[in-house]
Ligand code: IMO
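Next up: a single chain in structure tokens, the form predicted alone.
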Amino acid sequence: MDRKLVILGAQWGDEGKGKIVDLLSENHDVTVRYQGGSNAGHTVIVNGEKFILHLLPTGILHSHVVGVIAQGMVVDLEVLQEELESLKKKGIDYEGRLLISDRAHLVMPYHKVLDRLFEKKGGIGTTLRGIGPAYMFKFGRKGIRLADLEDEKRLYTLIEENVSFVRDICEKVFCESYSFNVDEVFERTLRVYENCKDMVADVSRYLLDTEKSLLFEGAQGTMLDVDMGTYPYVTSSNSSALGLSNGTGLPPKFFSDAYMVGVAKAYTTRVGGGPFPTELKGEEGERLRDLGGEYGSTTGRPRRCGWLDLVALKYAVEVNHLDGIILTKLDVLDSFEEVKVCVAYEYEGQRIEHFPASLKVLENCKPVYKSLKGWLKDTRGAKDVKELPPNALDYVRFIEEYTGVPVIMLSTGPKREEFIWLRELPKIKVSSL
């Protein structure tokens, strides 16, 4: 069995990674989340029961899997406690199966205050969970790590300094009142920490030393990467493969033999503001949203919907050096007589075939579409390639030809068992899936 598998979002997030990681975790020993925070929402349906995980690695739903929250994440301890309690109520025993990096930074209550203020004064559509400000404090050297909670004197000083800093920002910059009490924040933080302190460990050392098979689970998507995405309409971490090394504390060469898989929908969605070249704002967009149930698992917000953007998808293939693509929600397109894919952009009379960095270009470019025949046959729940109509397979082949990488799996519904392998993952047994 191949030791390292990486699952990444290849669009603007919400591609269905949760189900895929849950599915593939069955053949791995350890699953690792390494960036983002509770702004992620990975949805999995197991035996008819829905699980929405924001911080926990999706593999934790399998009783043999060790879940790892690595150093690149920002952790809201209260959200983590809620998730763990939810698992207990649903009969999932996680005792001895969860490790949290002592180098991971915390999302504090005052980060959420700042998040709301930043969004109020010209935001980009964040989840308001304090993720951006937590990373801002991290890189501004004002962050609080889990390791700091073992030194109560230092912790109190850090909270005191941060509360004062945030109060100044609120009152002197935004002219807003601010009422956090240092003692309350301090005591609340330590109280919640007690529930997970036995799980805190040197995660980087654990990953370096283990001989177990590893699955790395990306959150959000490549087009939301803080460096490679549609900046500034991005998340606050490296949500592409670029985040693997700094998010885990592992050297880049550690991932040289990893198999990289990108998850993409058969169409395109995004949440919040930012350029979206293939967005459909009329009846077709509403139809995609309704058929796909496109509402955020974290925020409940309706997602913007459009045809598959192959320019963006090929860019994600290149940024992540993907070995294969897993295509989800093919069934959402079942009732369309014509299915379009974007094969280029047009900007000021020029054809663009590579994804541009310029926000101005992206906001003003027009998609160049190729029309393909729809298949007008129900593919939902299909479990064998023989069940797929020829036009649906032609659609998949066109994606492969354009991106230059194989589509290795199709997800045909939300349930764990609704999928079709088109090609087997190298050295990974899939017969038991």
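One rule holds for the numbers: they count along the sequence shown, beginning at 1. Note that the structure is a prediction, hence the values are computed from the model and not measured.
One more form of this protein exists, namely the form predicted in complex with the named molecule; it is left out here, but the text below deals with it.
Trainee: Please pick, from I325, V234, V339, L80, the one residue with any non-hydrogen atom lying within 4.5 angstroms of the named molecule in the predicted complex.
Mentor: Contact residue from the list: V234.
Trainee: So which of V343, A258, L128, L149 gets a non-hydrogen atom within 4.5 Å of the named molecule in the predicted complex?
Mentor: The option sitting close enough to the partner is L128.
Trainee: Hey, in the predicted complex, does A201 get a heavy atom within 4.5 angstroms of the named molecule?
Mentor: It does not: once the named molecule is placed as it appears in the predicted complex, A201 has no heavy atom within 4.5 Å of it.
Trainee: Can you tell me if V107 lies within 4.5 angstroms of the named molecule in the predicted complex, counting non-hydrogen atoms only?
Mentor: No - in the predicted complex, heavy atoms of V107 and the named molecule never come within 4.5 Å of each other.
Trainee: If you check in the predicted complex, is A40 within 4.5 Å of the named molecule, heavy atoms only?
Mentor: It does: once the named molecule is placed as it appears in the predicted complex, A40 has a heavy atom within 4.5 Å of it.
Trainee: So in the predicted complex, does any heavy atom of M73 sit within 4.5 Å of the named molecule?
Mentor: No - in the predicted complex, heavy atoms of M73 and the named molecule never come within 4.5 Å of each other.
Trainee: Of 234-242, 312-320, 81-89, 176-184, which is the one stretch near the named molecule in the predicted complex, taking non-hydrogen atoms within 4.5 angstroms as near?
Mentor: Of the options given, it is 234-242.
Trainee: Under the 4.5 Å heavy atom criterion, name the residues of 218-255 that approach the named molecule in the predicted complex, in sequence order.
Mentor: Stretch hits, in order: A219, Q220, L224, V234, T235.
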